[in-house]
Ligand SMILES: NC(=O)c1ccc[n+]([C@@H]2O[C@H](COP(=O)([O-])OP(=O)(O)OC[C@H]3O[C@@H](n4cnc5c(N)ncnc54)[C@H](O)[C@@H]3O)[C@@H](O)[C@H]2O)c1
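As structure tokens, one chain now follows by itself in the form predicted alone.
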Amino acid sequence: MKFKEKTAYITGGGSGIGKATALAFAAEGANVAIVDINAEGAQQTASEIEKLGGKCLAIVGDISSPTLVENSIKDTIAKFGGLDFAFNNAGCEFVAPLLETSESQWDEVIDTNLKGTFMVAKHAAEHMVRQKFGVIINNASDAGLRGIRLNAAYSTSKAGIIHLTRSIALDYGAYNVRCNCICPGCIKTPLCERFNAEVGARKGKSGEEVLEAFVKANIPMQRVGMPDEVASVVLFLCSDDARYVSGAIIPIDGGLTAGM
């Protein structure tokens, strides 16, 4: 087992990519702490991990709350005796162009996606720097690599995560703390389904119709990705196999952002 006696902290662990990653870490022997705003989802992931014989701390809360983030990381360290990996995965979206985005809607997306990632990274890094080991993985999405229509706040928040990743890698590499960023494209997750449904509603189409047309026109591999295909990259980046990889920005998108 690659991660026996290690501890992973994962936000958005109640569904999609976060859940797949939590299960993958547990299968490799890690203790897992998950944070999710959805209590039912968080408990379901914890139950599945425990059925595998693993240990999981399920925390219900919103990562836009600095107090929640700080306390949940403290609780993780207290329960498992340490913290080795932090996966900033939780996020929210708001489908609208700039002129249809209110200040409060902008703040909600930035506070969750960018500030939440900042707070998790900050409190995780404080511990990792002291122990002179740790890996932080941030989820920036393909939206962080390129502009996306009807996505002003979301794309901006994800672009910010990319540069936050680079800053962490530059500042703390000497302490053996690595930080990398993944940029998933169309992955079969609840967030992706909601996004396509909202875009479809603007066009008088179903979310499935919008997604199918997009995949055919833009993804060279001609299919949507699965959460476990993202989880495997996260685990690789946390493993000793990637011990010299830091500050990397890695698309996981079937070729979506390779070019026109």
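Since the structure is predicted, the reported quantities are computational estimates derived from the model, not experimental observations. The first residue of the shown sequence is 1; numbering continues from there.
Not on display, but discussed next: the form predicted in complex with this ligand.
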For this ligand in the model of the complex, the stretch among 186 to 194, 96 to 104, 129 to 137, 145 to 153 with residues bearing a heavy atom within 4.5 Å is 186 to 194
Even though this ligand is not shown here, does it sit in the model of the complex so that Leu57, Ile73 and Val120 each have a heavy atom within 4.5 Å?
no
4.5 Å heavy atom contact, Ser206 to this ligand in the model of the complex:
no
I'd like to know if Glu229 sits close to this ligand in the model of the complex, meaning any non-hydrogen atom pair within 4.5 angstroms.
no
Are any of the heavy atoms in Glu212 no more than 4.5 Å from a heavy atom of this ligand in the model of the complex?
no
With the partner left out here, check for me: in the model of the complex, does some heavy atom of Ser246 sit within 4.5 Å of this ligand?
no
Only one of Ala33, Ile63, Ala30, Val234 has a non-hydrogen atom within 4.5 angstroms of this ligand in the model of the complex; which is it?
Ile63
Using a 4.5 Å heavy atom cutoff, which residues in 86 to 100 contact this ligand in the model of the complex? It's fine if the answer is none.
Asn89, Ala90, Gly91
